[in-house]
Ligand SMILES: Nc1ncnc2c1ncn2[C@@H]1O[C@H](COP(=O)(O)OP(=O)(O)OP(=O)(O)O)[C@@H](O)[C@H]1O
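Just one chain follows, in the form predicted alone, and it is written as structure tokens.
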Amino acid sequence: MTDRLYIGIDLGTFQSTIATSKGDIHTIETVVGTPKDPVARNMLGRDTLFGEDALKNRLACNIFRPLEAGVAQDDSDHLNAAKDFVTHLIDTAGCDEYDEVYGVICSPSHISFTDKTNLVSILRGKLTAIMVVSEPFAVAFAIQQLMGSIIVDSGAGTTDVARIVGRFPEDDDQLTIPEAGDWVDIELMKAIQKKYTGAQITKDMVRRWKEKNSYVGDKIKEVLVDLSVEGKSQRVDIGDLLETACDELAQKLGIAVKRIISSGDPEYQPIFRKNVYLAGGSSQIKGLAAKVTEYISDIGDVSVSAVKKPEHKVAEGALALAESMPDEEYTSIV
């Protein structure tokens, strides 16, 4: 047995990532599947499936996305699924080889006492001690922008926006809005169904189209996809609908950024305006940083940029924080 392992965990609505002090990093889609009946159980040969494996066999499984908006939902089925998922995620890091496992866990900026309690409960027995920090702060730690920056972490379930001022953010430094990746998927789905009456589509189909083709600004692009309309296969163009949905997200992000800047110390506002960073899966939308820049340009000289490799930044920042914090900052959950 080795003394201590540090880990950073990004528990996301769509996917979750764990980074460890021994150099490993793993990302798994945040999905749990349980067989629907004994036939399915015998066919699958397992009681629980995770990530892509669960989705591949979704017709034979009850599917759970247990970390809605980045927190464990407060019912027994989802809590049990969350515990199974987090156990699986931590097991991928080989934590059992260590006497102690200290972890920094990232959550949305504003979560309730119940949400925090649920978060601790699903980790008890797997970690020695934890800290819970907001996702934007972990991003700021990862990119070393800890004084005078605005971090916009737009994932699947929520978007968190925070002022980073050289300390842990307080409640007034942060806000959370519901418009994020899942919101774009729903808006795009509604637009497709309105334009193509009778279209048979699922949210997973729309998400895949968005992830492959999403863009905002510039001229409208042709984006051809195959879908069924009343059982008949059709190839249709959703390029204009995709751009509109992504543009609406850019507008929402712009409004949130203005709110968080305007409520900050007026002497620091010029610094905040020049240091806005987009992170999270939605930050990979082509042209998003330029579009957000356009929507906030009326407040002065602004600079908005997207961080590189955003899918790992929260977990990497959480790990860096875990390794630098004194033991007294952790809460024991043995």
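Please read all numbers here as calculations on a predicted model, not as lab measurements. Don't overthink the numbering: it's just position in the shown sequence, from 1.
The same protein also exists as the form predicted together with the ligand; that form is not shown, yet it is the one meant from here on.
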Which of 257 to 265, 224 to 232, 152 to 160, 186 to 194 lines the interface with the ligand in the predicted complex (heavy atom within 4.5 Å): 152 to 160
Listed residue that, although the ligand is not shown, lies within 4.5 Å of it in the predicted complex (heavy atoms), from K126, K252, R207, K83: R207
Contact of D182 with the ligand in the predicted complex (heavy atom, 4.5 Å): yes
Interface membership of G317, the ligand in the predicted complex, 4.5 Å heavy atom rule: no
Partner proximity in the predicted complex: S21 to the ligand, non-hydrogen atom cutoff 4.5 Å: no
Partner contact for S214 in the predicted complex: the ligand, 4.5 angstroms, heavy atom: yes
Within 4.5 Å of the ligand in the predicted complex: residues from 281 to 299 (heavy atom criterion): G281, S282, Q284, I285
